[in-house]
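Given next, in structure tokens, is a single chain: the form predicted on its own.
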């Protein structure tokens, strides 16, 4: 019953918002179509401006996967991870999380299909995926869109926050599910 209500609301929410915006524009006698075209032009400019940054992130992720860096880190850090109750399967999340959220969803999906959905590894992977930010993506897209070139302190703060998120995810998962 509740699910069908939410399904109906979600089905009609966006069309209703569009109609409300159009209605308000008509009441205020705004040139709606011209404003829409201007917004689309601005959006295209932003897309062109951030494309090199997005391309750099895609190349970095591909290089990490193809080079075997993640597998090498897994072999080096395996014993340490076992001692602190971190399954080695979540290492790719730790490495790639700062770069791409969609890549992390793929990794979490792989972990969930390899392990039981209710396993410690899958739960840790899911909590890690939600406990940090895509730092390099944010810096590339948002800072690139507005032309900020000097983001040294933002980068340091973002990496420290990602590290804190990983530690918190491990602790919370271990406390609740370990």
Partner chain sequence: MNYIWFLLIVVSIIFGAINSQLNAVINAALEGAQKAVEISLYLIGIMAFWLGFMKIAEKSGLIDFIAKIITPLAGGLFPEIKEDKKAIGNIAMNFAANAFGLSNAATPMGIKAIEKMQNHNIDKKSASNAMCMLLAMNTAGFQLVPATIIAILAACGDKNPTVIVLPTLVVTTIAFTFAILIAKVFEKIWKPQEVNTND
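Here the structure is a predicted model, which means the values were calculated and not measured. Residue numbers count along the first chain shown, from 1.
Not on display, but discussed next: the form predicted in complex with its partner chain.
Student: Taking its partner chain as it sits in the predicted complex, is residue 108 in contact with it (heavy atom to heavy atom, 4.5 Å or less)?
Tutor: Taking the distances in the predicted complex, the answer for residue 108 is yes, it comes within 4.5 Å of its partner chain.
Student: With the cut-off set at 4.5 Å between non-hydrogen atoms, does residue 120 touch its partner chain in the predicted complex?
Tutor: Judged by the heavy-atom cut-off of 4.5 Å, residue 120 is well away from its partner chain in the predicted complex.
Student: Which residues from 143 to 174 come close to its partner chain in the predicted complex, meaning a heavy atom within 4.5 Å?
Tutor: Heavy-atom contacts within 4.5 Å come from 143, 145, 146, 147, 148, 149, 150, 151, 152, 153, 154, 155, 156, 157, 158, 159, 160, 161, 162, 164, 165, 168, 169, 172.
Student: Would one find the Cα atoms of residue 109 and residue 56 closer or farther in the predicted complex than in this form, where their distance changes by 3 Å or more?
Tutor: Farther, not closer.
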